[in-house]
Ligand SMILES: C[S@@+](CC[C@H](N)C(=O)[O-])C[C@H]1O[C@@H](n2cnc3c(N)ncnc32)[C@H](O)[C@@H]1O
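As structure tokens, one chain now follows by itself in the form predicted on its own.
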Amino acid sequence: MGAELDKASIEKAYARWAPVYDFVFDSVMSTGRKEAVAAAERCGPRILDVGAGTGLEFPYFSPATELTAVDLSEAMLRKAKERVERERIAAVRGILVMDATRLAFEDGVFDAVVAPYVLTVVPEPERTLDELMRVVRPGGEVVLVNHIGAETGPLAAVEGWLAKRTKDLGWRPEFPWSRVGDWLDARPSARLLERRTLAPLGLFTLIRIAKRIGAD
């Protein structure tokens, strides 16, 4: 296991990443962002984007969407605001600095929450999932895209080596499915709708979780 993430190290890491984030990550992660947006928009117009970063997924949202975007990193969100102005993205209604483990929204106010590439960059993935589920309405969905760590083989060895540099990277390379699966098993209000790998090379997984109607 690598060093644990904390908010201070995450903010520091993404202040460094902000100037080059789009160049490094746009292409390799674009399929996951498009798939996540499409799934979320099927649930309704009121969507929360958690871990929005520089807003790479913003252009994929329909202008009719009422999108609220949050992220812990002010440096990343400055880039997101520049993108909205530069590309005149109508979907974005608000961009806020916010901790994913303490979302400042009432229960059930969003039709869907989209969180691409977030679970591996937060200190408390399970607590983050609790918050995402709390703010989505019954019948709505939490849509995730994430790297699920390899259990064996060369890739698992590489991820183990990278995990020792977690704080410098700003994300957790080792992330087993059990972090999500165990969380789901413990929460009757959450139901797994879909889990499938995405291009390129199956590095990332799309996960759709429904909030059961009648759930608190």
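Numbering starts at 1 and runs along the sequence shown. Not measured: the values here are computed from a predicted model.
The form predicted together with this ligand is left out here; the points below concern that form.
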Exercise for the section: Using the partner position in the predicted complex, report whether Val122 sits within 4.5 Å of this ligand, counting heavy atoms only. Expected result: yes
Exercise for the section: Evaluate Arg46 for contact with this ligand in the predicted complex, applying a 4.5 angstroms cut-off between non-hydrogen atoms, and reply yes or no. Expected result: no
Practice task
Examine Glu141 and determine whether its closest non-hydrogen atom to this ligand in the predicted complex is within 4.5 angstroms.
Solution key: no
Exercise for the section: Mark Ala69 yes when one of its heavy atoms lies within 4.5 Å of a heavy atom of this ligand in the predicted complex, and no otherwise. Expected result: no
Exercise for the section: With this ligand left out of view, choose which of Ala91, Val135, Ala80, Met98 has a non-hydrogen atom within 4.5 angstroms of it in the predicted complex. Expected result: Met98
Fill in the blank from the handout: Answer among 61-69, 46-54, 187-195, 174-182 for heavy atoms within 4.5 Å of this ligand in the predicted complex: the stretch 46-54
Problem - Stretch 108-122: residues contacting this ligand in the predicted complex, 4.5 Å heavy atom cut-off - result: Pro116, Tyr117, Val118, Val121, Val122
